[in-house]
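Below you will find one chain, with nothing else, as structure tokens; this is the form predicted on its own, and questions on how it binds or moves follow later.
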């Protein structure tokens, strides 16, 4: 075996997502398994270089995991010719400038979503990367989750017949921060800092719908801030200027309609924090992060509406669990592997900055739809 090192500047690893999912459960997990075997006798060995603004946090994380390279000087890191890939998991408002610098420095770029704060900026980054000839990708982790992989298996196998509708429920109660610490950082609830559930979750719903059921061709949304005041990490109250709930209706290419509720002000009464129900002429399915259950038309019971009699059976028990039939890896790690193979071997890769721009577009149109009280068509993007 020949070992080939790929040096990755990882910006934003002091944050929850950047640290847990990208550094520990993806890049370091690849090292723990002996690197990424490329199938040609080569093992790709990821070497992370930690980047951020908080020196003490970077030093502590590096020491915890036996890493030796970290820096608070992004420009110096990007000027290092040995750096192959730049990864960004910063707050959204800082991302566009950093990605632009990385592309200008000739680095391949991989980034959390949204890739930018506006559609124009997202498309600008995609054009910049295309013209520079660098590889580029945007995290689209949900489609690599076991539940949605099982759901895609059903779609590809023709289980549903004609797909009629998709209904999604996502969210949980995020504590306000006064009597119990919030589970999410305070910037998520300040619009001026790039916060808001629409800019966070609509990019997810765009690629989930696009990859599984068809391109979104129109959107109508109602967006609101249910909790107007929250308390930050220091216990100080602040005005929540960003939306914390969004209720969207999406028309899909091919005729199906999707309705997805997203909220950080909802208490969970379902099996998983996100669930999608898909109904088709031949069968239905309910998928979460890990599980997926089906009900075929040949096994569909005959419910009768009678409010005068109690229900004597369990509707949930009438569904069949979809078997794993495979070993599912961490969804973030699975996409990292595909992106690194794209970088090393030039294998096809479709989740690029243009795909990321589609998510920014849907978020932008969703906010506009809510503000103006109307439905908006979603034009197909190109460079």
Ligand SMILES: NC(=O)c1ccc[n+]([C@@H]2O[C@H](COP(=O)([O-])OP(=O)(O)OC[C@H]3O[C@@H](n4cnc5c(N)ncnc54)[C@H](O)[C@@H]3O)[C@@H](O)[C@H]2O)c1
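Numbering follows the first chain given and starts at 1. Since we're looking at a predicted model, the values are computed, not measured.
From this point on, the text means the form predicted together with this ligand, which you will not see here.
- Contact with this ligand in the predicted complex, defined as a heavy atom within 4.5 Å, holds for exactly one of 84, 200, 176, 211, namely 200.
- Site annotation in the predicted complex: the residue of 149, 119, 78, 94 reaching within 4.5 Å of this ligand with a heavy atom is 94.
- Shown alone, this chain has one stretch from 135 to 143, 298 to 306, 160 to 168, 119 to 127 that lies within 4.5 Å of this ligand in the predicted complex by heavy atoms: 135 to 143.
- Looking at residue 365, you'd find every heavy atom of it more than 4.5 angstroms from this ligand in the predicted complex.
- Though the partner is left out of this view, residue 369 does not reach within 4.5 Å of this ligand in the predicted complex, counting heavy atoms only.
- Remark: residue 12 counts among the residues lining this ligand in the predicted complex, judged by a heavy atom distance of 4.5 Å or less.
- Residue contact with this ligand in the predicted complex: residue 187 places a heavy atom within 4.5 Å of it.
- Contact annotation for the candidate site: 53, 114 and 204 all lie close to this ligand in the predicted complex (heavy atom within 4.5 Å).
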